[in-house]
Ligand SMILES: Cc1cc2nc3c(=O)[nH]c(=O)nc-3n(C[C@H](O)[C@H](O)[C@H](O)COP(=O)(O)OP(=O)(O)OC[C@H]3O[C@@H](n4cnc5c(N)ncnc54)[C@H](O)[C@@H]3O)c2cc1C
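Before any questions on binding or motion, here is one chain by itself as structure tokens, the form predicted on its own.
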Amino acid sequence: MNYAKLEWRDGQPFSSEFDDVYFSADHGVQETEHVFIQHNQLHQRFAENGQAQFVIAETGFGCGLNFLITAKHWLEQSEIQQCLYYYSIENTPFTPEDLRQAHQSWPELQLISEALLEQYQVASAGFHCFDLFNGRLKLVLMAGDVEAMLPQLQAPVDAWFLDGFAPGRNPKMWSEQVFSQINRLSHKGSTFSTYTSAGTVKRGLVNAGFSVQKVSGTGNKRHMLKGEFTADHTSAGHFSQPWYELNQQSVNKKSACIIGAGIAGLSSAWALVKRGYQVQIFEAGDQAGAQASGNPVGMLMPRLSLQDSADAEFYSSAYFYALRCLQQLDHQQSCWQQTGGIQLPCSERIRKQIADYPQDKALAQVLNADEASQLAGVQINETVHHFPLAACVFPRQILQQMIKAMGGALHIRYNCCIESFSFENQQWQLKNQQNESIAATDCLILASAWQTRRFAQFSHLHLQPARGQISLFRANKQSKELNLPISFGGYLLPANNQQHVCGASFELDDCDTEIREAEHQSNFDDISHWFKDLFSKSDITAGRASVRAVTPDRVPVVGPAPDYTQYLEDYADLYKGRPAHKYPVGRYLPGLYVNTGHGARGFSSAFLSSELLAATICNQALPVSKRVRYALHPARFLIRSLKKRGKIKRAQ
């Protein structure tokens, strides 16, 4: 991450890059109150807001002063069930240490500052979602260039804080492209305010559809600008990829049914319960995590990429979001342990990452063999990647902690296999093997891993089962020195209950869960390659095999269920290359959703996926970028087939 390079002058951060201060040392709070709170009429709007959400977008997070003050007023003036979504772009964010130092200037904002600092970490480009004060505040920091980030935002903005450095010092913050995106995201009644009164800014905002006024400034600024959006959108339906757009559905009853009680199903339930839902889960097994989510120990590590891609952004954002969720669930770390983790150079791709990935003390650091050995507690002979915030997780304990947190809002029916479901009388009727209806719901989520594809409504998904077998090794004096998880294609975890988990095999299209000696041997060989004589084959005491759900692009499937027949009709000629705006917005089956395809990274990817899903269901502002949502979209395989004019086959 390209962090802000600060000079501290009498306790005040100064940007040498833009030759400007981040806030006034004497009047910072008063300036924010005057420019952004007063001139967006936020006191009145917060108190009188009748909607479930209010959305603010900011160009330039800086030290976060505007956010702290806005959050304070929101908590004081809004209703407890309402949520403030605060989107802020920052190309050079503060480090956690610099942010903490800056916040010492405002002891009156300490409560909100501490809530943010407890979670704050922005060590990769893209969207980072922070849930604060039991869901009343959602801060989404968009780390990146403003011209790249604004097109990725998907939210109806009620108020704009245009707080970049002055146009003369940072012209890219005030470009025509930026004003065009402000126009796209605004609606009748959207307001803006900004310190600057520059003519180029005024003209840009007028062209973007705002009525603009020059008013009295504050401090050393004689004038500033404010305004309101008054234009009609003329191109609102011209989407670059309309087949991935959401056709908003109305939210009626705050209740939902979910099929599957693994990490995808329970995190989906948790995200909905936090929004006031009652949730019922149907689980074919006899306990939560009966399948791939039920291993005794696992690891939470980032998935790095040297490419600027949607899946790279998703996995980095999801990794940090998962850590924040675990901290929220279990502050004492009884069901997870933040040990850090090590990645050995097991492939050319990993070796290149170790050589070229930017070092960051929160995300990834390069250690030589001696440093790695000292940290790990076992002998390592290679240069490695160290992930300081990585963790060991205890899956079933985490699932139980989530169940406990949801209390009476969640009901789980175990040993209950849903054979089919159909839409009858405006509800989804869930049926058992005897074709008896056992439940009805307006909102149904499929979180049933690879078996999701056996339901007719999702048979077009390119989901594959992938068998994985772990081996349990008896701990010995030497192995007990291992302090953190180590990944090497397979993985080895620190001793827990006098045994180590090692794994896992990866057998595509194999659904068998019987223990196989050949896969024990393979796990043993993998360990022995990197840690000679750490174990003997006789140290294997047991194993566990389960079946993961994987996709061809190794990214989860999250979102509303496409209407398969309608997609075939609407997009049959995509291969002809017609302009995108000639096509209608995607159409979906009412109240039907999916959250699956998490592969071996479910505890990294499921929490953010479920937050996205819950926001989609509730018609709320979204926590991820547009390109990430597109990358996870359930229709993506269908659309790719149509673009190639390939024969579309449903899974058998």
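These figures come from a predicted structure and were not determined experimentally. When you see a residue number, it is the position in the sequence shown, counting from 1.
The protein also exists as the form predicted in complex with the named molecule; that form is not presented, and the subsequent description refers to it.
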{"item": "Proximity of Ala369 to the named molecule in the predicted bound form, heavy atoms at 4.5 Å", "value": "no"}
{"item": "Partner contact for Ala456 in the predicted bound form: the named molecule, 4.5 angstroms, heavy atom", "value": "no"}
{"item": "Contact flag, Ile37 vs the named molecule in the predicted bound form, heavy atom cut 4.5 Å", "value": "no"}
{"item": "Non-hydrogen atom contact Ser113 with the named molecule in the predicted bound form at 4.5 angstroms", "value": "no"}
{"item": "4.5 Å heavy atom contact with the named molecule in the predicted bound form for all of Ala292, Tyr491 and Ser604", "value": "yes"}
{"item": "Proximity to the named molecule in the predicted bound form, single hit among Gly204, Gly126, Pro302, Gly468 (heavy atom within 4.5 Å)", "value": "Gly468"}
{"item": "Residue among Gly217, Gly340, Gly377, Gly285 with a heavy atom within 4.5 Å of the named molecule in the predicted bound form", "value": "Gly285"}
{"item": "Which of 411-419, 74-82, 348-356, 457-465 lines the interface with the named molecule in the predicted bound form (heavy atom within 4.5 Å)", "value": "411-419"}
{"item": "Stretch 169-192 - residues with a heavy atom within 4.5 Å of the named molecule in the predicted bound form", "value": "none"}
